[in-house]
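Below sits a lone chain in structure tokens, taken as the form predicted on its own.
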Amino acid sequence: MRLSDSVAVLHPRSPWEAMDFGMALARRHAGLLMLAWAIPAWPLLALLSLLLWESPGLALLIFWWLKPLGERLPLFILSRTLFGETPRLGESLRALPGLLRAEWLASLTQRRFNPTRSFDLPVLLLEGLAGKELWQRRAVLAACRGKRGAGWLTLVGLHLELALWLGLLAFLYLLLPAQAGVEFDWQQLLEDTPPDRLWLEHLTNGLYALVLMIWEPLYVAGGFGLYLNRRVHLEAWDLEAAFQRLRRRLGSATGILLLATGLVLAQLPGPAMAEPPASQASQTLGRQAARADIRAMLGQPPFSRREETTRWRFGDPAQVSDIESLPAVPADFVQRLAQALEVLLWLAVGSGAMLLAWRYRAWLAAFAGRRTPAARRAPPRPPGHSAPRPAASPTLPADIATQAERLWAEDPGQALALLYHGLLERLREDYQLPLSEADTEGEILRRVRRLERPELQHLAETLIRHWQNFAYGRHLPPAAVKDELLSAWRARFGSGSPA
């Protein structure tokens, strides 16, 4: 690596300027960087989607967890591009297996949530360090606010990813045709996704990968810019590059300069007779006086600073000699003890994480896996105990479907209310569901889904959805819904009257 071959001007910058410098470098090769990221990542996401088709949330979580490994190839391209050796796409892909082997396990475990990951990655990948040497090198580069700005880069990138993803999701829902039958309902987003709509979940995962294809090269380039800026500050890369360019320019003119210097020296006159040197005694006296003046000057401010400190100390000073006489602890023993303590601390952290995961497994299953928490088994009802009947329930006719059809022409809302109360009554009587007055429509639907009866679930979802639209928004259902609801009702319950 010769700094004089750099295609960019290296000089000390502020952290924000350094990140902007890295992103400007990435914009010049945006196509190559995005292709290099997408070619390994897209097949991986497709494979995860096929293997975990029933759990799109889990597929997305695994893809997100492996994200640090995908940042290595863009960094490899940027490091070559800086010195004018832009690799081709095939050459970059052939280098990928070697790039993935370096500290891959640590990148996915103990350093996975490190906010300065973009700054530490060049230290690991470009300097080829590992273990203790890597830790020491990172400490040196991070000293004196060396990695200032890397944490902000990660925080801003996290929010940018989320904003772009949500924007693409909103755009996708706007593009879906009405015939697709997909309704934007916040309640449905928090519940299980129907099997016939899993493709929509996998499509949203693909949109997230599309966001990463654009942002990940920029994120890596920002961290690379911070790393270069720290090396410039620490090792004066700008001066070294300037001297290398100067030496290169003067290299071809060295012979001419030597010849010109020889000709000039040949024309110089002979040595002139100088005055006799002063006596040795006077020179010695002058040196001593100069040294005394220098000592006096150094003993005065600002070269000398006197400070008196008073503090408490433990123990008898006489015992210091006894302490010093004790045998020194071997350095290897101290190092092994420190490593053992580090392992114990990591075990404690891992155990705590596992304990938290086990304690809140239901929450994780609900929000990470997008499944509802495990249903708590209801206590068995005593024999002879019947489900409570809502006070507001009207007296149900013998033939609910016929009565609802008759009411539909005059008041569709009353017809929907009659079908809704009839449904609740049949759920209590036929399926022994423990419904109460405090149950919401969502809780009723969840209990119906546990019965695993698709026809009953479809009838309940359709009826409750139109009932809610009428009850809360006064939106009457379309005329075609009437025949669909009544047919489904008669097919399921016959006349509709409880036995």
Partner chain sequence: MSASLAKPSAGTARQPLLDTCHLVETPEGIDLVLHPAGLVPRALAFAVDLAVRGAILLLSFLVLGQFGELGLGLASLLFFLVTWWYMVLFEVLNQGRSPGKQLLGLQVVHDDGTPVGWAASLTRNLLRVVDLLPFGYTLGILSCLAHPLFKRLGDLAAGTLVVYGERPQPHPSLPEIDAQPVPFALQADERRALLAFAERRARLSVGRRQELAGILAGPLQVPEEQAEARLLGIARELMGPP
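Residue numbers count along the first chain shown, from 1. Since the model is a prediction, treat every value here as computed from it, not as a measurement.
Below, we turn to the form predicted in complex with its partner chain, even though it does not appear here.
Q: Go through 43, 454, 31, 473 and name the one with a heavy atom inside 4.5 Å of its partner chain in the model of the complex.
A: It is 31.
Q: To verify the annotation, which of these, 401, 232, 124, 212, has a non-hydrogen atom within 4.5 Å of its partner chain in the model of the complex?
A: Going through each option in turn, the one that passes is 232.
Q: Give a yes/no on whether residue 24 approaches its partner chain to within 4.5 Å in the model of the complex, heavy atoms considered.
A: Heavy-atom contact with its partner chain at 4.5 Å: present for residue 24.
Q: Might residue 238 be said to contact its partner chain in the model of the complex, defining contact as any heavy atom within 4.5 Å?
A: Result yes; residue 238 sits at the interface with its partner chain in the model of the complex.
Q: Does at least one non-hydrogen atom of residue 153 fall within 4.5 angstroms of its partner chain in the model of the complex?
A: Although its partner chain is absent here, residue 153 would touch it in the model of the complex, with heavy atoms inside 4.5 Å.
Q: Closest heavy atom of residue 171 to its partner chain in the model of the complex, within 4.5 Å or not?
A: Looking in the model of the complex, residue contacts with its partner chain include residue 171, since a heavy atom lies within 4.5 Å.
Q: Please determine, with the chain shown alone, which of 352 to 360, 286 to 294, 402 to 410, 81 to 89 has non-hydrogen atoms within 4.5 Å of its partner chain in the model of the complex.
A: The contacting stretch here is 81 to 89.
Q: Residue by residue through 9 to 29, which ones have a non-hydrogen atom no more than 4.5 angstroms from its partner chain in the model of the complex?
A: Contacts from 9 to 29: 9, 11, 12, 13, 14, 16, 17, 19, 20, 21, 23, 24, 25, 27, 28, 29.
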